[in-house]
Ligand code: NAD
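This document starts with one chain, in the form predicted alone, laid out as structure tokens.
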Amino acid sequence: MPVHDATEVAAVAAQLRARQPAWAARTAPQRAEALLAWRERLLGQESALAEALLADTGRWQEGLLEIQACAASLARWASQGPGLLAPSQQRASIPFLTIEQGMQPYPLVGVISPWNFPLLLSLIDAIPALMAGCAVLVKPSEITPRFVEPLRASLAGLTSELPIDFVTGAGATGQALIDCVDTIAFTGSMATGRKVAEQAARRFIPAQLELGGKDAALVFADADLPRTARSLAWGSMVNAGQSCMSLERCYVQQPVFEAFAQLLTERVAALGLNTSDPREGHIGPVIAAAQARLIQAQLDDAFAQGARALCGGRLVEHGGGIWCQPTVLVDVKPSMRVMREETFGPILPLQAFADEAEALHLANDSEYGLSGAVFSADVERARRVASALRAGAVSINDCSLTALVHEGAKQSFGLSGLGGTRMGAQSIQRFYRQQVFLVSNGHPAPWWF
């Protein structure tokens, strides 16, 4: 992997800045056409992209989903963008004045992406930024950079049109990138996000941060328990739990706690590791070595305080890699690390609650507030409970839907992030500044001397 130093990052940024004015001068429909052309070429690189993602992450199906999600994002923004960027005009409250609304794209957007969904989280902000008329400089995680080469290949022949480029390296490369851009979109841990925000604040540029989560699910006694167990088995274990929208705490109403724990355990225990063939099995390896150490520390702390694993509970090694067994924990306490810190692994602790008030108290007892889930046959109660959760996206009678549905606007609560919504049509607003033109029709103003 090339490691770009500050001088090299600045040079790439300067080249992108030089290309951005011509890109911004195109009409929104023309930019949309270029995005659709890129979509076709990206799908033409699907095999190479999937192999690169597999080499870095050890999982296959999630890599294919990333590619398809990026293609869908290109199509979506090409379709919606021209309408969202169309100029507007209205009469002011003063009769002889007209208000014309303009938009000035940030010349250069910086994107720093994490290792859990390397391709998707590199492009989820880059695509609407391009649609808005910005140039984009991306630094992927140093743990998962191999997708950059086939992604560059998908841009062959389009690089003179689409002002997007990539730099690779670790923290120093990311710091250099922040010093060269006009706004930064960062996805990653809360600790690193705080550093990004501080550096951006010193430069007086906006920081759009999507950080960690400790998402909670609430299961009421009237929920469809088999369906809920199936949903949570996916929402907590998909991508081996290595997702900010992963359910990492589950609170179950006391009368159905034992029955639900059995149903969930049966579902989770049936999930297989993909150790023999990464294209088979449900659970891939722990992508980052440091994360494996963190998961083990949380399990050790939980077991030392009396927690029990109904299934799983161990990290295992195969061929030089580390897998975490799909795990359901009971006899947990709110003070345990596995209940308070982000785990980023296929582990779901279960705790009982008595009533709605206690459920909300337990779920909101967190410094994070990314997403959550509520399960109940009483949809009105589920909505009421969901509205009281301090979380930006709440799925009702399903979970982790924010991974699949990008049309709804949401913002992060607490230490889960900062900035405007990343989802919904409004998310493109993060990449331009609004400019207003107040136009007189020539009528003498009554306030003149």
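Numbering starts at 1 and runs along the sequence shown. All values derive from a computational prediction rather than experimental measurement.
There is also a form predicted together with nicotinamide-adenine-dinucleotide; it is not shown, and the following applies to it.
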item: nicotinamide-adenine-dinucleotide in the model of the complex: contacting segment from 173-181, 277-285, 298-306, 82-90, heavy atom within 4.5 Å; value: 173-181
item: Contacting member of 105, 312, 188, 349, with respect to nicotinamide-adenine-dinucleotide in the model of the complex [4.5 Å, heavy atom]; value: 188
item: Single option in 73, 265, 325, 113 placed near nicotinamide-adenine-dinucleotide in the model of the complex, where near means a heavy atom within 4.5 Å; value: 113
item: 4.5 angstroms heavy atom contact with nicotinamide-adenine-dinucleotide in the model of the complex for residue 210; value: yes
item: Distance check, residue 375 to nicotinamide-adenine-dinucleotide in the model of the complex, heavy atom within 4.5 Å; value: no
item: Contact of residue 147 with nicotinamide-adenine-dinucleotide in the model of the complex (heavy atom, 4.5 Å); value: no
item: Non-hydrogen atom contact residue 39 with nicotinamide-adenine-dinucleotide in the model of the complex at 4.5 angstroms; value: no
item: In the model of the complex, residues of 126-143 near nicotinamide-adenine-dinucleotide [heavy atom within 4.5 Å]; value: 139, 140, 141, 142
